[in-house]
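Okay, so here's just one chain, in structure tokens, the form predicted alone.
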Amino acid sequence: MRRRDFIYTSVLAGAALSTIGLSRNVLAGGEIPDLVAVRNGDPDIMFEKAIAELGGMKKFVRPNQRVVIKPNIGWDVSPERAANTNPRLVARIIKHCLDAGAKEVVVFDNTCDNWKKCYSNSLIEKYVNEAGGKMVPGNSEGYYQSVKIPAGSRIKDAKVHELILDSDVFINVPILKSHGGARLTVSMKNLMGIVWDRGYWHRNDLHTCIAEFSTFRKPDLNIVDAWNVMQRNGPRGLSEADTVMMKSLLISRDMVTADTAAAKLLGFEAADVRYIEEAAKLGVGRKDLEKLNIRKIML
């Protein structure tokens, strides 16, 4: 990222929510927003505020259901590097799921670095265990089952982790960060961690594969961690100098809506990120934020 872009992104960190241009901020009584954007709190506290605006976790999780949470746990680095989803956020989501009556909450990722080190050094394994969730590996092809992607042209089939196929509720918890190939990684890009052969996507038009795969199984909820954001050298980063503290969180049922809003936090429009545009055209979700009901919360 150029120095000019670095300065611009740092300014965004001070006024993150103001970049999400909204025309309908005042909702009618009882109306559920399409997107909730929270700023200026810790990850777990911002989630508390956001999920309450959507009616609470019981709107998504019923008693005795099996919940799968998919954070980004791809990299063997500490939380300060912002390469992985914040562990405190993951733990608080688990608590809400269990309080809603979930019989089991499992967490996994098909990591890029050694999975045991990623799970441990991200601190996600520690926080998941303490919250009462269950960590499950994604490192063996035997965990994955072949599925067809009916809307696919570049990606017509894929091997998807059995946890996703067997889950009652699927919660997607990406961290917002830069990405050398896709420009940004957010909700839709995070789904690469539920498939076995991510390399195929990189070899066969990454943007189109991301968009087309997003038609297969839409998460029930997307929670974007934008607390500490990797603004350059993603997806792994080189050091803490690559990050900017934005203290923000986005939550939506709609991946395209969540990713469009997340892009704005880093100064991009949907048109700047091709997979967002393609996914919107495929009917995955909506990118017209100005026509949506969006709740902004400043803590």
Partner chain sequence: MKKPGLRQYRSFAALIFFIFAFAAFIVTDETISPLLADIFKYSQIIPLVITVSTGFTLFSLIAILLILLMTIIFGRVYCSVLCPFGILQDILGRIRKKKIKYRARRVKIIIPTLLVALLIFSVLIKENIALVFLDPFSNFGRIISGVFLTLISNSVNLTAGSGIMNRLIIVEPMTGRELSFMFIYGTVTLGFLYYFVGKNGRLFCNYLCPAGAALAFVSKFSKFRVSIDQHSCIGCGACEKFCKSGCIDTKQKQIDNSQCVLCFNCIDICPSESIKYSTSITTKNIPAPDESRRNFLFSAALFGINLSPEQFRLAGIDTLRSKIPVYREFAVCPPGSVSYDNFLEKCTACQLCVSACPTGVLDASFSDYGFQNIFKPRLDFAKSYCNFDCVLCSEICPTGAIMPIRDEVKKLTRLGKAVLIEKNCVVFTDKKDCGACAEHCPTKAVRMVDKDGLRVPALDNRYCIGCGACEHACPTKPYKSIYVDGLIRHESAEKLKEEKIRHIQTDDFPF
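Residue numbers count along the first chain shown, from 1. It should be emphasised that the depicted structure is a prediction, and the values quoted were computed from it without experimental measurement.
The next section is about a form of this same protein that is not shown, the form predicted together with its partner chain.
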>> Can you work out whether Asp99 and its partner chain are in contact in the predicted complex, taking contact to mean some heavy atom pair no more than 4.5 Å apart?
In response: no
> Wondering, does Asn233 line up within 4.5 Å of its partner chain in the predicted complex on heavy atoms?
Replying inline: yes
> Just to confirm, Lys70 within 4.5 Å of its partner chain in the predicted complex by heavy atoms?
Replying inline: no
> Quick one: is Trp196 in contact with its partner chain in the predicted complex, heavy atoms, 4.5 Å cut-off?
Replying inline: no
> Taking Ile45, Lys126 and Ser146 together, does each of them reach its partner chain in the predicted complex with some heavy atom inside 4.5 Å?
Replying inline: no
> Which pick from Val136, Val169, Ala151, Ala131 sits with a heavy atom within 4.5 Å of its partner chain in the predicted complex?
Replying inline: Val136
> If we check its partner chain in the predicted complex, which of the residues in 247 to 265 reach within 4.5 angstroms of it by a non-hydrogen atom?
Replying inline: Leu250, Ala261, Lys264, Leu265
